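Provided below as structure tokens are two forms of one protein chain, presented individually as structure 1 and structure 2.
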Structure 1
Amino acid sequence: MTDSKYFTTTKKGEIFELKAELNSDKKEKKKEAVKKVIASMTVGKDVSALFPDVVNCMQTDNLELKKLVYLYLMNYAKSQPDMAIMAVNTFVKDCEDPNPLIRALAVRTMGCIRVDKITEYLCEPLRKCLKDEDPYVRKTAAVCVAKLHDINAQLVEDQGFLDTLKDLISDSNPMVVANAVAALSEIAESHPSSNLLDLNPQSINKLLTALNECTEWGQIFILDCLANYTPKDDREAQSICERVTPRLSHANSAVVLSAVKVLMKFMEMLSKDLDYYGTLLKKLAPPLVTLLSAEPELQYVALRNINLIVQKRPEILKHEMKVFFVKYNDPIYVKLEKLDIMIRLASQANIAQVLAELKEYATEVDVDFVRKAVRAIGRCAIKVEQSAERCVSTLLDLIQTKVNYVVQEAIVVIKDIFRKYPNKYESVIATLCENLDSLDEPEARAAMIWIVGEYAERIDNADELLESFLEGFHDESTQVQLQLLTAIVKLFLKKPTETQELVQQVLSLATQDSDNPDLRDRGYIYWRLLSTDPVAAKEVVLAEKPLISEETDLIEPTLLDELICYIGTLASVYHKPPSAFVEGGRGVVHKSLPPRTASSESTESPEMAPAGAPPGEQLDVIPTQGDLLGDLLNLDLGPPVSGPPLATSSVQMGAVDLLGGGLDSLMGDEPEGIGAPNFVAPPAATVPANLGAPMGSGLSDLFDLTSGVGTLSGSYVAPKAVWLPAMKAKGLEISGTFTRQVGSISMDLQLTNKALQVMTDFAIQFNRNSFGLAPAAPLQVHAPLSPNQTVEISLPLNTVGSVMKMEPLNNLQVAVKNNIDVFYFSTLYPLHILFVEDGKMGES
């Protein structure tokens, strides 16, 4: 006999029949009837019509029947609020029952009746249960407070339940402590400002004690709660870490990951010179690897978190590459994550193994996976220079397979390899060109076009190749169109004599026949540039491209730090801060890693970097995503060119001649045909005027427009503002401003030592910025800076540093180093400091 009998009812009058049975005199029959009702509930049938009849069965001393009725009540009370009141009396009575199991059951169910009207009746029984002699009842009551808070927060506060709950943190029973923490955490989440979980060294100590004794689930609550605490110094951080480390050996993976979160966060506060720091790093690796032998679902979550951890502290897993090798029957979501981490861990030491694996993967069946593997080979080449050659030959092997999607992916990554190592692997271009016809994906087509344009001088039939793409110009995607436009302009600048017709064709296609504003704008910019100053055009379009980054899709450091605080949560799976996706965004507090508070070590602490300022090694990197736009970017912020070779070479002369004729007449002929009337091509008269001007004058024309508006008196100096508060820089406070006097720019700094120790060895560095601002001399702080001393320094600046577009344009990221640490801050400089006193922008 099984429960499946409860599903078989006569079709006709099912509810009616149940009603009769529920009201039967026979207790056993009643129980059977309730079971039938529950069975209907499990498959989602609506049996709420039986509410009064089921509630009538509640008054019983049969525990099973009582439990079944409670199950029913929890499901339907909300839809029958008036009827639910009928149950109140029984709850109140059951809360007084001598059997603790029944008291707990009553208080548990009570909280699940989500009916505002009856909550008031429940306060008294709940108060009693919170103080019950039996810990089982107390721990159940603790959770009930959270439930009640969810229904009626004000009531819970008025009744003083929150204080009682806080008292339970000191309960003698660890399970009660764990549940109280869980309940308080839940309540605190809806009231971020209420200082509910007032964590201090005493309460932390209690939590750590309970941690050893409570169940695995309780441990998770306690660990998550600990992670919100900020220890007062490195010693406290270390002692908490020591007590949390044993959790890394727990069989429950959620406990392990919560412990990892606490350790990763508190490690921030430990000096890297400490022996303990090294010990801790070593202890973190095995549990993370162990997570990968669990069920695939657990592996997936673990891998997403490991992805964060290796970005933050690559040293933890640097020797564990092999555990991320893919097994052919791993679920696809595990395979893709493993591949990501393999690339992050790839280094000179293990690259041979990694490449062999990737090559293996590239012949697998799953298309998504194969694509990603091919792309990964390219990323290896870019990341580990020594392996580049081998990667390229592997990619060529793969191209030989002629498997369409493999070829396309390979071409996309080879383009990046060309960017990273110019003039090294161009010998493979011929092979690539053979596959031109098979490319049908926009990204691959765009990549191939970029290659042809970039190396036009080495490809004999570059014009034919590009022309072949031009035939179906309007059917291409924007990505391909933009790339084709740029490539042909490049070709034209390199081989002007043969390609005049082609460039005119593409410019007219882009500006006249297209309704895509990006394409039109780019077309006009090239057009104007070519017509006004072809030499400048050459400098701009064929300029040296910025480096591409070694790692793609790195998480931005401030976000990474925030995500480290959310290890183990949904945020860590989606790699987005909770505020970005939690419904309503309510009750979300931004978490940040704790600053290091010990004062005797010097290591980098990226958490101090203000938003947007990447730490050390990433200073001079532009993500690869931007590289297709590289040319346009160059145009936008084209570096004021120094040391101009005059336009004397025959090629350049050719270009000039041509513009005087062909293009000008083209423009003169049909100015009305241009789609955007407010962007009229410059009158032909200006062309000769500019031809003799020094390089870059075309650009300065552009800048003149803006500088005319922004010109201020060159002597205006903004008052000093605090750029780096002492609390963010271990006692070093920096305030400053920018000045311009008689043609020279300087940054006036005021350094104050608010720490207790002497500061020495000051140095300053700027990140690449929009106008190439850079210190013209080292930061001179002659004497050591004693505590409470302030020193004023004027740092001369020039504008010959490297250039990178910043957002906003006048953003400057600065790193200041002293004997204690490196600190980062960013500031905005007034644009007028760049302008020469006569109202023109300085060019050098």
Structure 2
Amino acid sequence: MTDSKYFTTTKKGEIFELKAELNSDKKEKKKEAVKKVIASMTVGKDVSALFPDVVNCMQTDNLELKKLVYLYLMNYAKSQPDMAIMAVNTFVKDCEDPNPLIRALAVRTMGCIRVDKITEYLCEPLRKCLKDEDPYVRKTAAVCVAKLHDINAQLVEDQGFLDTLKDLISDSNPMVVANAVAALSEIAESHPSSNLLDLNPQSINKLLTALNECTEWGQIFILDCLANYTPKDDREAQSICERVTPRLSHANSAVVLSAVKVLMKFMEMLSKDLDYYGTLLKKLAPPLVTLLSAEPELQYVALRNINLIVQKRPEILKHEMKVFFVKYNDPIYVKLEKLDIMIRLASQANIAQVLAELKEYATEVDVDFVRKAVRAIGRCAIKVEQSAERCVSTLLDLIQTKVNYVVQEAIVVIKDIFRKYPNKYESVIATLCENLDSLDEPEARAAMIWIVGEYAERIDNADELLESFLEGFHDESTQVQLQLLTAIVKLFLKKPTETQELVQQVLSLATQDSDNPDLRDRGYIYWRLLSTDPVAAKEVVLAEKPLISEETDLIEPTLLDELICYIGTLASVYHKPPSAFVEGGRGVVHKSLPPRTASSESTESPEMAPAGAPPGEQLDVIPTQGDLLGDLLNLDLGPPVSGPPLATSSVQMGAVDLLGGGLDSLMGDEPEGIGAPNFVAPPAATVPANLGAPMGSGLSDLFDLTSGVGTLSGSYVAPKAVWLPAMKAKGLEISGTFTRQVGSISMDLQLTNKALQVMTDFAIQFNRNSFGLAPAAPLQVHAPLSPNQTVEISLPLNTVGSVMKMEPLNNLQVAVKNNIDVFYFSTLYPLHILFVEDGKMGES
């Protein structure tokens, strides 16, 4: 009879009976009783009352019985800590048992009993087991150290267990090495500041030797540890890659992905000119393809990882397009992922077979998959220019099927194709307009409205088409309403005489009858533009649009580099860094790829290069004055204005006050230009009074010492302006201003991290400038700058730097370095920071 019989009894008085059986003299009866206790515990019954009786059964030579008792002990020790101390003597005794299995069992159970009271009693047995003659006991003790560290880190450090673990990396047995590495990695993750895994070429060599003889999980531990090592040069990186490559043919997919992670990381350090680099690319493809023959769940994990690899190095799988073709019995999540990778690998060489495949997918029955397939055709047109015509004809064929959701997706992607290739495929607009009535999804309706508005001059009945959408304006989604408003304004600017009534109607609906602030604001802006300066309105609304990029869904480069370091983990499946889904951030270490050691050109000018860097050619990376959006300080250098300072500030753009006030005076005159009607001004929005500093006439106020009481202790401080936007500096945004207080000049900086990784190692340098401005101290950012964190720093300046006349005179070129890159920007400093406060001039 099987052990299932232990789970069937549910009679009263069972605990009392078990107590009697546990205290029986017969060994068999004891074993049966312990099995019944474990069965009751497994199904959720509370058998903690039998704790002392079960612990008494520990004193036995029977290995099976001892395992069962230890299992019970692990489960109930936390709820009965005082009773658990009774078991300590047995642990100590079992750790000296001649049988290595019992010694290992005792040390394993010790690590699983998470009770503070008894941890100190377990240090001596653990120390002996770490130096045990049997490797099975040593490898079990290595893992026990990590568990003990989790309970009481200070105790483990005081007892010297961490040093013993480090010694085990040199052990003769590969499994002991693997477990020691796993334990140290686990401890290092929870304490990132401690340098436990101090890897060097000698220890790396030992790990690589152990790698060939480990079990599969041991190999994963070692490969993950290797991935955290940064080789000193490309020769060492190549040597490690050569010894890791055989792991690619392992049967276990986790080992394969861990090996791929190591190789992807170390390839960064190899020059692309090396023969070995090409060989490595060829070797990486077959194991990745093999992963796709596993069951669907493993395929999905492999595909998510392949998606990252293809974004980083598409050349690895560029000849393997066919393995990503969808099979009829693939689950939907595998199909969608394969489709994504197909588009990433699409090129001029394989586009014909990709399009044939996608057209086939668009006739499937699965709606989500068909939608994605139609979008994929559009993405291929945008990515491979030579295939655009073929893609458009394929989409037209699909529109002719009259399948509602296919038609709607096709219209959405054709809009993107028009954006990418303007004035090339507009002949298809007539076909699109035929399907106007069948559109019921917001995205498709918005795309069609955009097409009608954009090409209104080519569509005879554009006003009728847009008017048909206007009938149910309030029932439309915000996306459609915004698009309709813009399209009708475009139509009016192209055909002003025919559409005055229509544009008045839509502006009224958007501004007066809508609760949506975005729609209302856009309506007001268009209304004021049209009512004051139709020529400017034409320039704004009908401005030439930038072409859309090929790949809009690529992962940001810094995030991609971090995710490559997490191949084979959850982060690579979610496509998010661990800090985004690990609560509390404990144990999360931000990783990045090693820098390329291959010869690369210097991007720094001689003056901007950090100390010790070789001087190279000066590159024009700092924007010229023409690129700056006017004088950031916006000082008014006109003549002084008599009378009291203004209490309010009016926001101006050219001669028009967009937020009301000045609008009324403009309404009387007929605007010149394109025969625009006399618009009724929309209700003027009120501007709150600026209660801060009163605005005078710029520099005349800066030196107006009579308005204050006594003497001026500090000069005017301009508000902080954004000097370096985040999109130009991989997520780092720098705002700042210049101040002069009591004879000292300083640059007040505000650093904001808008990236997904931590920023450290900040430094700053100025280029030579007209007045020799230079930092008087290093840039001090005392703690790492976490994502979404902002820090304010005041950098003292002096005027003892190198001098070179700049154009304009107060132009300052700055370089800021952090752990990600070096970034450059240019700004203008106000000349008054150079003037002394007392205003006296020297006699000479």
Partner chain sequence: MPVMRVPPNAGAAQPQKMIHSLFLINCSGDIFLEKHWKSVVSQSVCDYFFEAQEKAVDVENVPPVISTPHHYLISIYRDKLFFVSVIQTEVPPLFVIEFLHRVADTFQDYFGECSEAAIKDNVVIVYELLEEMLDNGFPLATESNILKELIKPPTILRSVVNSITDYEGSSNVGDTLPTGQLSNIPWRRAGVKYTNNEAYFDVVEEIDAIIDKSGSTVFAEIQGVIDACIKLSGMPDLSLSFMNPRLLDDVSFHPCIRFKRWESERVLSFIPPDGNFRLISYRVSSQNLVAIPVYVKHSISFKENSSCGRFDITIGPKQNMGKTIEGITVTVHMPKVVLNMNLTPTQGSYTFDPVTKVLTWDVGKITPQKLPSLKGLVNLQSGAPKPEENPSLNIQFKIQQLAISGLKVNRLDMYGEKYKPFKGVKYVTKAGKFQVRT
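Keep in mind the model is a prediction, meaning the values are calculated, not measured. Every residue number counts along structure 1's sequence, beginning with 1. We call the rigid core the largest set of C-alpha positions that still match within 1.5 Å between the two forms.
The first of the two structures is the form predicted in complex with the partner chain. Once both forms are fitted on their core, the CA shift for Asp416 between structure 1 and structure 2 remains under 2 Å. Relative to the superposed core, Glu733 shifts its CA atom by 2 Å or more between structure 1 and structure 2.
With the core held fixed, the Cα of Arg313 is displaced between structure 1 and structure 2 by less than 2 Å. The two forms, fitted on their core, place the C-alpha of Leu22 4.3 Å apart, compared between structure 1 and structure 2.
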